Each structure stands twice: as structure tokens, then as C-alpha cells.
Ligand SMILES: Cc1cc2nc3c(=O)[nH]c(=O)nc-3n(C[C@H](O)[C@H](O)[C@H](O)COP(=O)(O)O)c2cc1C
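Only one chain is included here, represented as C-alpha cells and corresponding to the form predicted on its own.
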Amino acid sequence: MANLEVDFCGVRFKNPLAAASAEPTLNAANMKKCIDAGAGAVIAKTMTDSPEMRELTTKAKWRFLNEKHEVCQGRVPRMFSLYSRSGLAIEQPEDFIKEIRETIRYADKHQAVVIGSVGSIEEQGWVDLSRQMEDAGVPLLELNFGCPHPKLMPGVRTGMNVGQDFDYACGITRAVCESVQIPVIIKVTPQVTDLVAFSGLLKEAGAAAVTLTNRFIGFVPDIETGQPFIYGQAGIGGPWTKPLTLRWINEVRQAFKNELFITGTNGAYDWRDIVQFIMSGAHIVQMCSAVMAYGYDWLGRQVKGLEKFMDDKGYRSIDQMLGIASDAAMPYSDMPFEKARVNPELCTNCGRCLKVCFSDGMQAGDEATYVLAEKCVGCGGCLSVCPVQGAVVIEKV
């Protein structure tokens, strides 16, 4: 049986799946449900000293949108978007710390990890909140430099308002890392130009890990009413963001392999995505939107799916999968030349490949399509649209 254990920043996780900091980890009761479902870790809702961000959560709103960006009715499809307005932990820090301590006691009985999350409105506040979290007993701390909602709250400087100011963010990181003994994780916003450079600066400031990435800011009108959903701009994420997130995980892995731990979030829907996150370089994977759409049990189902996949493929440990796709990635200039080949015995002459070939490599035949080799560039469009498996193959030349 595969071993799902992970060593992350010196802390043992029984499996790499963590419930991300959001409504499913809003309080001790919610975090216990994540632990009961089988999550290896929970990242608590971000504790804050911002009254505005606490109040915002008391009137949180969200919608699950389908592939047409319409509000889902009943069934939430796989490629949904989570469109939401929310804030940070509702309780004042002195009250929320009680929730943290209660959750830690419960997690210890179930071999789960509780990761603290904080977000302040000034540098000293980040330090004070971080010390409170450390004193409460969390083994790891995440600084939330990525929350999209403060960007939509004029005058509130936390979340992505910090993450978009590299100098300010690194100053906070340095101050916190010098003030606590536990490893510090930085959760970043994707709405910057270069997360590799930022990750390097954060590492130099003392961060042990980065969380790639928080959500984007979006805007979606309802064409029936002419009004925006949930009254205006909102944070937006969900399974559709996965390739964007994996891009940054891959690049940070390539730049800082064995120097910086990575947690991946924003786009992980099921166990297949967990595998892709790990193969791209994420040591642990945070899940949020799918849990909000399908409930806490979703977490346990994905842990079981991951274990079965590893058993079926012969992976004995997470480390055997970690970063293997990232390590195998090659630059454009090193890509091999390839050509398409059509198996005339399987080709149904449907003509789909002709519509997507823009080099005139695919040619119509009387009974089957054939390839004009001197024009084919091996792009693979024909392979993608062919309805018969094996009728089109792409081969190196």
C-alpha cells in the first residue's frame, strides 16, 4: 500500500491534502469536520485585526457559476467557477485563538496538522498575530498576502494589497520570521508579474515555503438583469484556474528545488488534480472550492482516490511523484520534431482533422485521410479531435 505521508517544513503530514483557509475552516467546528473527513491538515480561516475584514465575512456571498458563467441550478459541474465576496475570521484574535487551541487538541487525536493563518493591517500587527498563533501551538504559520477581497475594500491594507508590494511584503516576512520559531509560509496573490522573483525575495526574507496561489479578482454580469452577480467585483477561482496555478508551481520548483517548500492551491478539484499538483512540484495541496460545492466528505474521497492511483501505478511514496513532471519539462527550443501518422484501417474519414490542420499536412483521401509529411509540423491538433483512438498517432522524427 502506498505511503501518503509527507514531510513539509519538518512537520509530518499523514497525507498531502489540506483544507484551505476559507469558510470550511471558519471555526473549530468546521475544521473538525475537515479532519473527520480525512484531510491531512487544515489551514484556519485568516485571523485578523481588521474590523472591516471581520465584518465582511458576516455578510459573505458566493455563487457557483457554470461554464457559461451562469449561476448553477442544482448541479455544480466539474469546471465551475467560485465567485465570492467574503472576508477573514469573524472573531477578534483573542477569541479566535480559543478556536485554534480547540482544533489543535482535536487534530492531535487524529494525526492531523493545524496551520495558522494571519492577516494584519500594519507590520507590527502581523508580528503580534503571528506570535499569538505560535503561542497557541500551531507548528506552521501562513501569512495571507493573497486574499483578493481587501483590494475591493478601500483603505484596508492587508491580503493582496500587501502581496502586490514586494518591499512591504518582504519587510513583514522578515519581521515575522525573526519573531517566531515556527516555519513561515507566505500565501501569494497570482495578480503580480513574477512570482518566481517574489518567491526568491520571500525566501531571502526568511520564508520556509510559499502557497501558490490565492484567487483572482473577477467581474461577471447577469445578462438577464444587467446587474453584476453578488453586487460587483469578487474573488474568483475554481478548477478552471489549475493550469495557471501549476505554471507557477512548476517555475518556482525549477528555480528553488530543495530550497523552498511549496503548497499548491487554486484549481485542485479532485485526486487527479492532487497528483498533477504534486508532479508539478507542490509538496502539499490545499483544496477549497470543491469542498464548498460538494461538502466535507469530498476531502476523504480524494484521499482514497490518491491512494488507489498510487497503488495502481506503483508509486510507493509521495516523494516518488514530487516534481517529476516539472523536472521533465523542456524549453521550446529543445522540443523534438514530430509528424502525424494516420492508420487507414481505423480512420473513418470523418474530416475533423482536416478542419484543425493549418499547415495542410492532413489531406483528404477517398477512403481515409492521409498525411503529407513534408507539410506536417506535428502540432497534434488532429490527434485531439480524432474520435477514434489510435487512428492518428504523433511520432518523433
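Since the structure is predicted, the reported quantities are computational estimates derived from the model, not experimental observations. A residue's number is simply how far along the shown sequence it sits, counting from 1.
There is also a form predicted in complex with the named molecule; it is not shown, and the following applies to it.
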query: Residue 268: touches the named molecule in the predicted bound form, heavy atom cutoff 4.5 angstroms; finding: yes
query: Distance check, residue 87 to the named molecule in the predicted bound form, heavy atom within 4.5 Å; finding: yes
query: Exercise: residue 292 in contact with the named molecule in the predicted bound form, heavy atom 4.5 Å; finding: yes
query: Contact test in the predicted bound form: residue 283 vs the named molecule, heavy atoms, 4.5 Å; finding: no
query: Location of the named molecule contact in the predicted bound form, chosen stretch of 206-214, 250-258, 307-315, 222-230 [non-hydrogen atom, 4.5 Å]; finding: 206-214
query: Site test, 20, 46 and 142 vs the named molecule in the predicted bound form, non-hydrogen atom cutoff 4.5 Å; finding: yes
query: Position in contact with the named molecule when the complex is considered in the predicted bound form, options 172, 287, 162, 278, heavy atoms within 4.5 Å; finding: 287
query: The single option of 234, 112, 185, 82 touching the named molecule in the predicted bound form, heavy atom within 4.5 Å; finding: 82
